[in-house]
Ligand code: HEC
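In the form predicted on its own, a lone chain appears below as structure tokens.
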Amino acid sequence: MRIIKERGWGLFLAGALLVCASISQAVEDPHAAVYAETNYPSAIECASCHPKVFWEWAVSNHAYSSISPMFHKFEQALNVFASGTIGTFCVRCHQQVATQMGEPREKALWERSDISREGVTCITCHRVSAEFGKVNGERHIDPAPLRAPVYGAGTGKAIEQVLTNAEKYEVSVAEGEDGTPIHSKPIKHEQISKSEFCVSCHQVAVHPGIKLEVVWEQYRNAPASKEGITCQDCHMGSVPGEPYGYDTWPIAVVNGQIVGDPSAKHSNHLFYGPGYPIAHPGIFPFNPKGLNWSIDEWLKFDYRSDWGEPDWEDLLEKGKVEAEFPEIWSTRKAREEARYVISLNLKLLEDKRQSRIEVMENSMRIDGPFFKSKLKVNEPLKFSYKITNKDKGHNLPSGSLGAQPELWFNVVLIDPDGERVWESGYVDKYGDMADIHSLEVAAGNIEYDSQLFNLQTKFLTTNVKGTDREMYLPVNFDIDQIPHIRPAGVPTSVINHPPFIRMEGRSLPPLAHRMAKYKIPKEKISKPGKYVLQSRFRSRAEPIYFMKFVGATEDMERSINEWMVDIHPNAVEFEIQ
């Protein structure tokens, strides 16, 4: 277990390098003046006084929720397949500000307002005054300019020293005054520190009544809830996924001057979790300097190439390499400026990758292998591993169920000659597990993995012929001429699931365990000597077959595989006589 602060807060320091040559630099962004005039202030406005929180949030899944290309592919496909009956259901959480402002659901991201790209931004939580419960992703932001109060967990005592000494801190507390504009005294919101605050977007049922997000119902019956451990304790604390307290940091730094107690409790706004971004690194993480170019322009920048790297640009000028560029990236200066933004964003993303591995490794334990047979040549080899969910708060995995997330066990046997003679949890050429959804298995190109240990939950739908079968989405394509999603004709509580749809849950409940059992045929154990069993859990946000299904690009597929991580990799050597 490695505590984040022991890494020197690489996330914040990388962010500090990005724009915080001075604490107030963030508000000098050319877009800031526009944001300051709106009733939906940008996170950029908050960054000047809360840089640490800003750069944690900037690489979080909350900041990613609107930018995510996979979300847009999935959301659009779902609306098409459901004949438009989904409406604004998904964007109410992923683009709440934009939806509340009346932007059409289907509007392209690069055509939307700037605040739309911020997803779950500062005001999404800190301008909510009502206590919402299970409302299926719908709650209300109180529109107000930056100088209006915000809602938070504290009493706002620290800000009084700023409000009463506006000239000293060089701040503006009223419209028309000189200085950095700031909000007035925060209003304490009791729910924002409780798990209930997360419910409206993290306990969601889609129209037919099937549950898509189930974290809350898992949590409320879990040991963590009974012990008083909140979602915030694990996802905003000092250790990813563990309730080991919080880091400390001043509540604000106003124009270079610390406000409040430097040892005050700090809630990490990275919101630790297993998710990760696959957007263009010029577009995400959320970077004020990246706003110098539009989303459409960024998508024309080949970040996988050497564009903008000084050595490569030198070779280009000397005619030793050749390249063609879109007009927006036709000058060396533009390419190098863009590369600078990308290089710093990649540092932020690497820090996020490490926190993702930590939160996953902290949440599970793998014991084994336990051999169930004699270790002899020409005899079948039987063994097992004990997979335990150490998390007290919810299942492993949790979150949005159905097609994602993927979490499976990969085990390989290496013989005395160093040859790989057996494997379970292998993937096809696209990166998918070799289960019934693999396109390579369906084509007969690779063998079905009959011993696969997979914790991925699936949708089961009843179709015209046969029994239920696993499907990508809870839409009965075969049963209607025009597939669409509609509420059930009878209360779903009567049959405990919508008609023709149910979930095949495979996840592990809190503190529960399951045995992954394997049997290797005797013909694979043909040589005496030392064998090695290698094992690892693999985590990925989306299956490739599902990405193809909703029309993802090849670059999106490549990125999702690049971000796949291995959890608790291990190797055990043993001898067979």
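Position 1 is the first residue in the sequence shown; the rest follow in order. None of these values were measured; they are calculated from a predicted model.
Only in words, not in the display: the form predicted in complex with this ligand, which the text now covers.
Comparing 437-445, 408-416, 357-365, 303-311 against this ligand in the predicted complex, the single stretch with non-hydrogen atoms within 4.5 angstroms of it is 357-365. When this ligand is considered in the predicted complex, residue 155 lines it closely, a heavy atom lying within 4.5 Å. Proximity of residue 520 to this ligand in the predicted complex: non-hydrogen atoms within 4.5 Å are absent; the residue sits far from the partner. The shortest heavy atom separation between residue 166 and this ligand in the predicted complex exceeds 4.5 Å. Interface membership of residue 432, defined by any non-hydrogen atom within 4.5 Å of this ligand in the predicted complex, is ruled out. For the options 232, 99, 388, 454, the one in contact with this ligand in the predicted complex, meaning a heavy atom within 4.5 Å, is 232.
Proximity to this ligand in the predicted complex, defined as a heavy atom within 4.5 Å, holds among 238, 193, 292, 384 only for 193. Contact annotation for the candidate site: 53, 125 and 136 all lie close to this ligand in the predicted complex (heavy atom within 4.5 Å). Shown here without this ligand, the chain has 65, 68, 70, 71, 74, 75, 78, 89, 90, 93, 94, 96 in 65-98 lying with a heavy atom within 4.5 Å of that partner in the predicted complex.
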